[in-house]
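The chain below stands alone and is given in structure tokens; this is the form predicted on its own.
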């Protein structure tokens, strides 16, 4: 969670310096959602990770220097400068790159879970979406298909109170958890600012998924503490709502627990800061991609290959 917040803060600084092209989207205040969820998944599982869920990439072992290089479009970035700054996934870590047409990644996660089912593998797929995405048709199609097929998939719905500038009260009349249940998908609602509550809910959902007991929608109640993107000052959000959620900052909540356990949080923060400084220097030293290689790796060329077990290998936890 500290690494996610620190990396995104550094990226915003680089964005203001003109070194991050396009706009920039972060997950400030939502770090517990992706951190807790990702730690609950197994190595053989696959995660479709979105733009406010950086902690999931970090948990799966994606290196901070490659993340910052990705933001700046550098050659050493995860996509080698070939995709948008927050559009990336490292398949060697079991991470699937996102697309902007949310919640289309729910359909992708369904496909992964269906592959696991057809192969008889005890693995699960997980993806995230926002409350605004739940108003789109593909959200409902994905829930319906997952329910009909009893897929081992977990949908984490980040109810962060606003779909851009539209509050949830103007988005839907029926809570997303109840919507899920009408499609035969188990629905639970948890405190998305509590990393351990997120872990517990997703761990239970993952166990059900791997055991063939069907899909789960986990609604994470949280708040998007920055605007929709770097260009948005979120002036449409009531001050008292911001103050309420600021008092429930997920890092402050977890820090209180860890202090009671005797963890040296100052030392942990120094380690994270040092790693981010080193990663930033490495990313800034990386060259821009060679334009002559723009089409390399974009299209499938040559004979297709498939691993014997049908899954890319992955092992090891970062920042465990």
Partner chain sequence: MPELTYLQAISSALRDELRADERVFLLGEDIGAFGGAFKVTHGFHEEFGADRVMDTPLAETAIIGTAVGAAVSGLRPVAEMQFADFIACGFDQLVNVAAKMHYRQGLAVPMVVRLPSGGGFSGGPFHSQNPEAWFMHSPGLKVVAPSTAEDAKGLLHAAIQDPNPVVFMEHKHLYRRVRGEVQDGIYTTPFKARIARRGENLTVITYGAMVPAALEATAELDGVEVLDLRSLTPLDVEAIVDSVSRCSKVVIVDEANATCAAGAQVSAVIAEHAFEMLDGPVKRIATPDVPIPFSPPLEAAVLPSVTRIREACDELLGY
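What you are looking at is a predicted structure, and each value in this text was computed from that prediction instead of being measured. Residue numbers count along the first chain shown, from 1.
Keep in mind the form predicted together with its partner chain is missing from the figure; the text below concerns it.
Scanning 225, 123, 98, 195 against its partner chain in the predicted bound form with a 4.5 Å heavy atom cut-off leaves one residue, 98. Between the options 278, 267, 285, 288, the residue in contact with its partner chain in the predicted bound form by a heavy atom within 4.5 angstroms is 288. The closest heavy atom approach of residue 160 to its partner chain in the predicted bound form falls outside 4.5 Å. In the predicted bound form, at least one heavy atom of residue 70 sits within 4.5 Å of a heavy atom of its partner chain. Interface residue remark: residue 255 is not counted as part of the site for its partner chain in the predicted bound form, having no heavy atom within 4.5 Å. The shortest heavy atom separation between residue 76 and its partner chain in the predicted bound form exceeds 4.5 Å. Of the candidate stretches 85 to 93, 201 to 209, 186 to 194, 152 to 160, only 85 to 93 has residues whose heavy atoms lie within 4.5 Å of its partner chain in the predicted bound form.
Interface residues of 141 to 163, taken as those with a heavy atom within 4.5 Å of its partner chain in the predicted bound form (partner not displayed): 141, 144, 145, 148, 149, 163, in sequence order.
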